[in-house]
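Given as structure tokens, the chain that follows is alone and in the form predicted alone.
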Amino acid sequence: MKTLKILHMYSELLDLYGDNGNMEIIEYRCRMRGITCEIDGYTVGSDIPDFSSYDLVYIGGGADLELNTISADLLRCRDGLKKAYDEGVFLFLVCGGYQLMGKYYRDAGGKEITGLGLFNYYTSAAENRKKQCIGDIVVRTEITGKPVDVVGFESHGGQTMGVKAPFGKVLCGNGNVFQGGAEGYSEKNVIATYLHGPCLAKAPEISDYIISYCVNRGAEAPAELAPLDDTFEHECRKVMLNKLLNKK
């Protein structure tokens, strides 16, 4: 099986609620299967890499200050990221990373941060602070081909609208907008979500979907991943689902 190559962008700035842990989980699940996983970093001002040479590009979440810091630099990368996306490189985007791949992000002060426009959604900060989306969240997604309940923590004032292909249905929490029914954005090679936590900690199915996609991209005969013992992850998720879905 080929080496999985990951580009982790702005890791020192976009680690809200432990988002960097998502890449630790991917690396761990690869290592347990004997899959070589190489993770490169990219930060503001670095030489623009060949994004298409990677299997996975990951961007975590941050607050308005961090988004302002990276926005101009990220625009430098637009052409390369668009090319990589078109060629099937997997994009995993959390919170701020999710927002900046859309048309724009308008912050609470009315300042508009230009997005990369890879996707047609857009985000505006809630005018009413009571409509900020904060708390535990459960999202049911079928990106793997089967229903998977993903547990995470959302913390965003931005309301993301114009999403045509959500990551999943909200079972508990808000989602893309305050008291909304849908969360995130997804395609075959894209998962964009507001879920922090890190969100992959209790979602081994989603981790393995990403790994399987990446290691099999371009393969004539796709290989199945060796199973892992996910008892602990499933038990942790079960505790949270019982707590969150039975409290109503």
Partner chain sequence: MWYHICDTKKTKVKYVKRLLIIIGKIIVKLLRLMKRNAGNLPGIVLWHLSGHKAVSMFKVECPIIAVTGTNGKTSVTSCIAKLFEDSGKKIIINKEGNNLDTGICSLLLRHCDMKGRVKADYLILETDESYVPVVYSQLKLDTLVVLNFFRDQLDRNGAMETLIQKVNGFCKTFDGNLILNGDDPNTARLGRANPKNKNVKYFHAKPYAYATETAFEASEGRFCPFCGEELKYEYYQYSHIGKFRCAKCGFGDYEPYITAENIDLSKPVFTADGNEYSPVINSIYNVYNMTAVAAAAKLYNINQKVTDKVISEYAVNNGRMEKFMLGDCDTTLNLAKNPVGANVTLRVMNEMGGEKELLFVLNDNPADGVDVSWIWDINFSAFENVTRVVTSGARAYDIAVRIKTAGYPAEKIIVCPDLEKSVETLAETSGKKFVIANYTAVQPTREALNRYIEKKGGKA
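Positions refer to the first chain, counted from 1. Nothing here was measured: the structure is a model prediction, and the numbers come from that model.
Below, we turn to the form predicted in complex with the partner chain, even though it does not appear here.
Three-residue candidate spot 18, 65 and 201; every residue lies within 4.5 angstroms of the partner chain in the model of the complex by at least one non-hydrogen atom. Stretch 22-30 is the answer when you ask which of 47-55, 185-193, 217-225, 22-30 has residues with heavy atoms within 4.5 Å of the partner chain in the model of the complex. Among heavy atoms of residue 136, some come within 4.5 Å of the partner chain in the model of the complex. Using a 4.5 angstroms limit between non-hydrogen atoms, residue 243 touches the partner chain in the model of the complex. Proximity of residue 153 to the partner chain in the model of the complex falls within the 4.5 Å heavy atom cutoff.
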